[in-house]
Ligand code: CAA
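Form predicted on its own, single chain, as structure tokens, below.
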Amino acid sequence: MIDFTFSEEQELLRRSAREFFESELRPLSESIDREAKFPADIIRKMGQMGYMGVPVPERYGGAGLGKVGYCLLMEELGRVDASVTTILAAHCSLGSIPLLYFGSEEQKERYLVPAARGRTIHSFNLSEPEAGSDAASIRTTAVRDGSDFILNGTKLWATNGKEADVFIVFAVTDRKQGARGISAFIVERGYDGLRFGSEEDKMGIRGSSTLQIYYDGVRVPRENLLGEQGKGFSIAMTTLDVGRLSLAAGSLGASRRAIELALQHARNRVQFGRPIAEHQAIQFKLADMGMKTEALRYFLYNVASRADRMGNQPATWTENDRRSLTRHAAMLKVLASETASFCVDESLQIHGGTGFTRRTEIERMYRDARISEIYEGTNEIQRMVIGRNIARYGLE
């Protein structure tokens, strides 16, 4: 177990983030959802506040507050707006962490520093029309041509795709090697042959852009190979493990907000002569929501603290570190997403018919929460990962 006394710097981050998101973002959340509009001004301000690089060390332009600090930020953001939570997670967890963990010093200076300072936006391109949960089956190819690589293929579900300046792209460099024949590349927006499809009209997280990206003979210089050739699948899986911590933090924030809204309504709604918060049926719902949310909170910050102790160089991790991170990240992803869905659903039930109308915040949260059980690895896949891990190694 860990001591859940956060540092003064971490608490300052939490307070400043809550004040910023409540004052600057919450008034815009309803219109962001209704208009399906990428909140460029908010993202720019978040960059100015240093939020785009919270887990990145100061030497690379970040705040140096680690995974725990990042989760505190994402928890506060998850209380307010799921779209912006998704944008930041895709940029920081998925688009920047691979550079921090696997990039050369030159790549970090060129791409990670501006990302951490909020000067650029990043996107993570792994999924394809025929390769979602089965990520090892991607078909995008990277063929050597002199000192360069030529990329051809289609990527699906590219979050931040419309706005991104830099793309972390996974492609096959040796088909015969299966997953060990996949490599990772850094692609800049201005490269010839890079084309963008139309945005998906999503049920929730409508303020984040999601689209297909086409790589049609995109020439990528050799120095933009991220990590070693053939290590791309491992890079992707490690990145997703770390990214699931931020997803869990955002879901924790959503769970807390769902309880806040349920409590507000239950205290004010009078039926049978007294506020419904005094009825046992409602109190039981609040009890279940509270227990699940508190359990998630302790688990999340325990795992985030361990991830910080492991450091930012996967090459130095022990085999037990890797196994534990994979197992706990998968557990967190399932627990967090299902806790958020449960709390939002129960909160909507407490709101009654009012909660089913478009004018309520809980209705938007209901639509937003559903994706958390799907993206960054479906909960079915996570249960497979967890089950196989436990069957082989136990709970250690």
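In this text, residue numbers run from 1 along the sequence as written. Bear in mind the structure is a predicted one, so any value in this text is a computation, not a measurement.
Although not depicted, the form predicted in complex with this ligand is the subject of the following passage.
Only one of L252, L126, I182, V218 lies close to this ligand in the predicted bound form, with a heavy atom inside 4.5 Å, and it is L126. Proximity to this ligand in the predicted bound form, defined as a heavy atom within 4.5 Å, singles out one entry of A266, V172, A135, L226, which is A135. Only one listed stretch (285-293, 238-246, 300-308, 188-196) carries heavy atoms within 4.5 Å of this ligand in the predicted bound form, and that stretch is 238-246. At a distance of at most 4.5 angstroms from this ligand in the predicted bound form, none of the three residues V84, L348 and E361 contributes a non-hydrogen atom. The closest non-hydrogen atom of L13 lies beyond 4.5 Å of this ligand in the predicted bound form.
This ligand in the predicted bound form comes within 4.5 Å of a heavy atom belonging to F233. In the predicted bound form, this ligand lies within 4.5 Å of some heavy atom of T159.
Though the partner is left out of this view, L94 does reach within 4.5 Å of this ligand in the predicted bound form, counting heavy atoms only. In the predicted bound form, this ligand lies within 4.5 angstroms of at least one heavy atom of each of the following residues of 363-396: Y375, E376, G377, I381, M384, V385, R388, in sequence order.
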